[in-house]
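Coming up is one lone chain in structure tokens, specifically the form predicted alone.
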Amino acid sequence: MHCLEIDSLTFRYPTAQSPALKDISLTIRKGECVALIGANNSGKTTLCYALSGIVPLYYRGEFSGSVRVEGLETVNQTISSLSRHVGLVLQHPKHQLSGIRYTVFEEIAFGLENHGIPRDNILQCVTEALSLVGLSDAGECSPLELSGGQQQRLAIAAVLAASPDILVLDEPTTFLDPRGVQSIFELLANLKNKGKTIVFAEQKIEWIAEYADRIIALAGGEIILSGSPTEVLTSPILQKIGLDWSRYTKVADLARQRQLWPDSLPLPITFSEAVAGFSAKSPSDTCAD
């Protein structure tokens, strides 16, 4: 079942000379985890905005084609009504959090109040959201006391409190340290296991390889590649659009050129795949080569 459907989407910002998105068509299945990759100005952020209705409901411009979220045409909805179906998490949590609430609990409740959720239901919604992101013990803390990774979790919790089935994230790990990055990816995997549909723009190829079901590569506002992580992340086309292979893929490709990588195996995209591939090449094979 498709929960996100884009058909021939083209969008140009008012002051731009060329479209940010050009004739984009794709479908995303319920429960799927899809990564968007691309160099700067490739269209990743605009596509995230289009999936959440921010484009064209907030960012106006020349819009053609259609975007449907769980069967709803985004152009016929309001941002508030769409937020019940799809939640958008911005790159930096400080751009998403209100900054005017004293506690983590109040920060999440603030958004629910704006949605008109009855007070009797807010406690349950906030409690469930904090549990989902692993912040159950931080409800009375100030948002300013949280680490960068925890603040991003809080931003995600604020979105999840409205109970959307779809989560769209625009490079959520950009400002995080390695521990924070791992924390966010583990959270996304947990949310996927609970049935959420995840779409995220990201630059960290090695993490994407571990967690994405499908990868879409963008360049110049167009879809250049779409497929499984192995298909996309080992494609030579990546280097032509300003991206690069992971270190595991690079080392294995060099080894393959020297006949040190098994011909029967595809190039690896994760550490475990690299270990398995080099282990499969026996010492006798290496000597024979």
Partner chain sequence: MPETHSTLFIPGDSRYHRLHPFNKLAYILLTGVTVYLGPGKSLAAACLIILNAGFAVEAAIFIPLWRVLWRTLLPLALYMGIIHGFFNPANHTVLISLGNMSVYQEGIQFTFTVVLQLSAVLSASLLFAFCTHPADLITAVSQAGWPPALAYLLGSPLLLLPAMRERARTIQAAQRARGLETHGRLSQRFRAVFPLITPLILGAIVEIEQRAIALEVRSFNIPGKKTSWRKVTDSVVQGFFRWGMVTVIIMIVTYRFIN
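Residue numbers count along the first chain shown, from 1. None of the values given here were measured: they were computed from a predicted structure.
Omitted here: the form predicted together with its partner chain. The next part is about that form.
- The single contact residue among I184, L169, A209, L97, judged by any heavy atom lying within 4.5 Å of its partner chain in the predicted bound form, is L97.
- With the partner omitted from this view, the residue of Y49, W245, W261, F63 that lies near its partner chain in the predicted bound form is Y49 [heavy atom within 4.5 Å].
- The shortest heavy atom separation between I79 and its partner chain in the predicted bound form is within 4.5 Å.
- Contact annotation: S147 falls outside 4.5 Å of its partner chain in the predicted bound form, judged by heavy atom distances.
- By the criterion of a heavy atom within 4.5 Å, L176 is excluded from the residues contacting its partner chain in the predicted bound form.
- The closest non-hydrogen atom of L132 lies beyond 4.5 Å of its partner chain in the predicted bound form.
- Contact check for P236, F271 and F278: none of the three has a heavy atom within 4.5 Å of its partner chain in the predicted bound form.
- With its partner chain left out of view, the stretch that reaches within 4.5 Å of it through heavy atoms in the predicted bound form is, among 190 to 198, 80 to 88, 214 to 222, 67 to 75, 80 to 88.
- Of the residues in 50 to 72, those that come within 4.5 Å of its partner chain in the predicted bound form through at least one heavy atom are, in sequence order, I54, Y58, Y59.
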